[in-house]
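This document opens with one chain alone, in structure tokens, the form predicted on its own.
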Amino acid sequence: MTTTPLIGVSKSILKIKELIHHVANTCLNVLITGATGVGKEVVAQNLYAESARSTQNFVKINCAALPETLLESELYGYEKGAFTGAHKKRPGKFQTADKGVLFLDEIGDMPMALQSKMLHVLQSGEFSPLGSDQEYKTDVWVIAATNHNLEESMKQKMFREDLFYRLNIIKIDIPPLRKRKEDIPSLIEYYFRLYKSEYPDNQGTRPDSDILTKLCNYSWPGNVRQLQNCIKKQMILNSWEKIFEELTQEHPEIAPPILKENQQNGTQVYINQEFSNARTSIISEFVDLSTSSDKLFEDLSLKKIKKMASDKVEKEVIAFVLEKVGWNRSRASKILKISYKTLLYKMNEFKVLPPA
């Protein structure tokens, strides 16, 4: 089996690589968690590749892709005549993965009825194929993965606690790509080289520095898988700008940072639209953003803004307390821990008046 390397230079990826190195030869059950597309199977492959079982089978089964009855027969196998259509005996994944690795992808989607049977196999190493009274012994290293919050699933009685603790001996959590943006250049380079060899007749080019900055600041809701698809598409279209345009059209609510040019010195800076809007909303409470740049910069005295913000908070708190105590000024002054005279002064200054 060809193993995809775990690409990245972020602290989280380096920590995962170190953990893989320590865990690979222990054969302790591993639970890999993370959003769809972050690379959970890649981590499982690397665990397998570094282990003493790398010469044996690596068997994968997607627990979300099969209906309950079919998933059971795939896991444990069946005897001839066990059900309609069972024309011959067939071994299950536990049998074919014996002495190797069984990768249970999307374990959080396994039906409750099968979870108890899975627990039994993990505890005893024994199972019976469908339609058979004979028990088989298996020696598999189980690595499971999920994009579900299994702790929450347990609270909702959708995942067995005993199975969770049996699987969760070693936990490896993979952060989404937006939280490890320093890995993006390495991932682009790796997959560019890979797909360039797979599609030698296409004219795809590496992103220039401007495009790379945009790509690094994009949110990547589909994580590494989405990035891979973009690189493949670029191999065909040979236009990073077109790829980037499609990304923003597909997910306008998470549009990447917008490139703005500073009129003063011609420099270019990226401003995240969401945070930019939030900042603008706050600042607009204290200054007129529609004014000229020179006037705006005069108004943006930090000392002045701090005083205005402090006054705004004080006014809101004083009004809130007075309303709660029925405008009893003596009681309000005690709650606010200021003198009665100071309270009257601030009420006058901030124009805090009782309802007419």
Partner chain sequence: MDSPNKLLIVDDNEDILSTFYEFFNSLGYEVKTARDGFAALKLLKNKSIFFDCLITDLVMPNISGVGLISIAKKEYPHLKIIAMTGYGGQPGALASEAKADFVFFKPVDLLKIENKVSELINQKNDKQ
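Residue numbers count along the first chain shown, from 1. Given the structure is predicted, the values throughout are model-derived calculations rather than measurements.
There is also a form predicted together with the partner chain; it is not shown, and the following applies to it.
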Inset, instruction - Please pick, from 196, 148, 171, 137, the one residue with any non-hydrogen atom lying within 4.5 angstroms of the partner chain in the model of the complex. - result: 171
Legend entry - Contact residue in the model of the complex, chosen from 344, 336, 9, 19 - any heavy atom within 4.5 Å of the partner chain: 19
Inset, instruction - Pick the stretch from 207-215, 81-89, 163-171, 188-196 whose residues have a heavy atom within 4.5 Å of the partner chain in the model of the complex. - result: 163-171
Inset, instruction - Mark residue 66 yes when one of its heavy atoms lies within 4.5 Å of a heavy atom of the partner chain in the model of the complex, and no otherwise. - result: no
Inset, instruction - Decide whether residue 62 counts as a contact residue for the partner chain in the model of the complex under a heavy atom distance cut-off of 4.5 Å. - result: no
Legend entry - Any non-hydrogen atom of residue 23 within 4.5 angstroms of the partner chain in the model of the complex: yes
Inset, instruction - Answer for residue 35 alone: is it within 4.5 Å of the partner chain in the model of the complex, judged on heavy atom distances? - result: no
